[in-house]
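Have a look below at one chain only, the form predicted alone, in structure tokens format.
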């Protein structure tokens, strides 16, 4: 079990706010700047005083020791990068394992496997400050994943990643972890990220209010609402919604070739 829930939270910008993330789910929360995305993740992580409004499984997080909570919930927040920048890749992973009772050989095996998983083996001795933005993101991710959490919270991890291929590559890592049983909650300011992986749930947040939730493609069909919120709908989704209106297609098709075949055949 690794569900997270918020009940009746009133903490700026939220008022009587409630949300539930089920066990073994791959969630994306999208909202513009000021929507409350980062504050929501901090509340879920136990970093804010919420007066028993946040539950990890069936227990309020205030009743769980901080050290135990850290072992269950991993945080990939860009602001944490500064605390790692002066360490090498190897040392950052070793430090992450300090609180665990691993033998030296077992620790080395875990580090070796993690570096292989994120495909950064050749830069083990490099300082994190000298890595690319994409490599730094993977290290932030690895530092938390190596502790084997049950839930992983990621605050706009793709914000500084320009390459679409790098974005897809990182999301493949997340998708692999989700398939292995990890519950993932990630935030973004762009609906385009929805198209890059197989998220199970999409949540639309605006100024502390949960506007929409559900399966990603169903949420993305609410084009009028999303447009009013200033969220740009992915091109293929927007096109299919318009074609549905004119009865040219009866579903959202994300691949261009398949869409063309559907229209002309």
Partner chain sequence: MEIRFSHVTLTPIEDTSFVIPKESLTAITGAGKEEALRFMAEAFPTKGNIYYNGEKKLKRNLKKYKKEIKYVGVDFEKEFSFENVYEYYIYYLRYHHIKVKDPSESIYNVLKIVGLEEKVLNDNLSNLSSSVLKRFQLSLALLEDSQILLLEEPFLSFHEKEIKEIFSILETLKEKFHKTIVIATEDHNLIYQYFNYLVWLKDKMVLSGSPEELYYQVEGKDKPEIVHFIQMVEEKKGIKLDHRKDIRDLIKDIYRSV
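Fair warning: this is a prediction, and the values are worked out from it, not measured in the lab. Residue numbers count along the first chain shown, from 1.
One more form of this protein exists, namely the form predicted in complex with its partner chain; it is left out here, but the text below deals with it.
Out of the listed residues 59, 200, 209, 32, 32 is the one that sits within 4.5 Å of its partner chain in the model of the complex by at least one heavy atom. Think of it this way: in the model of the complex, its partner chain has a heavy atom of just one of 219, 229, 47, 54 within 4.5 Å, and the residue is 229. Not one of 8, 147 and 173 comes within 4.5 Å of its partner chain in the model of the complex, counting any heavy atom. At the 4.5 Å threshold, heavy atoms of residue 15 stay clear of its partner chain in the model of the complex, well away from it. Contact check for residue 159: a heavy atom falls within 4.5 Å of its partner chain in the model of the complex. Taking the partner from the other structure, its partner chain in the model of the complex has a heavy atom within 4.5 Å of a heavy atom of residue 239.
Looking at residue 251, you'd find every heavy atom of it more than 4.5 angstroms from its partner chain in the model of the complex. Segments offered: 102-110, 176-184, 83-91, 160-168. Contacting its partner chain in the model of the complex at heavy atom distances within 4.5 Å is 160-168. Using a 4.5 Å cut-off on any heavy atom, the residues of 244-265 that reach its partner chain in the model of the complex are, in sequence order, 246, 248, 256, 257, 259, 260, 261, 263, 264, 265.
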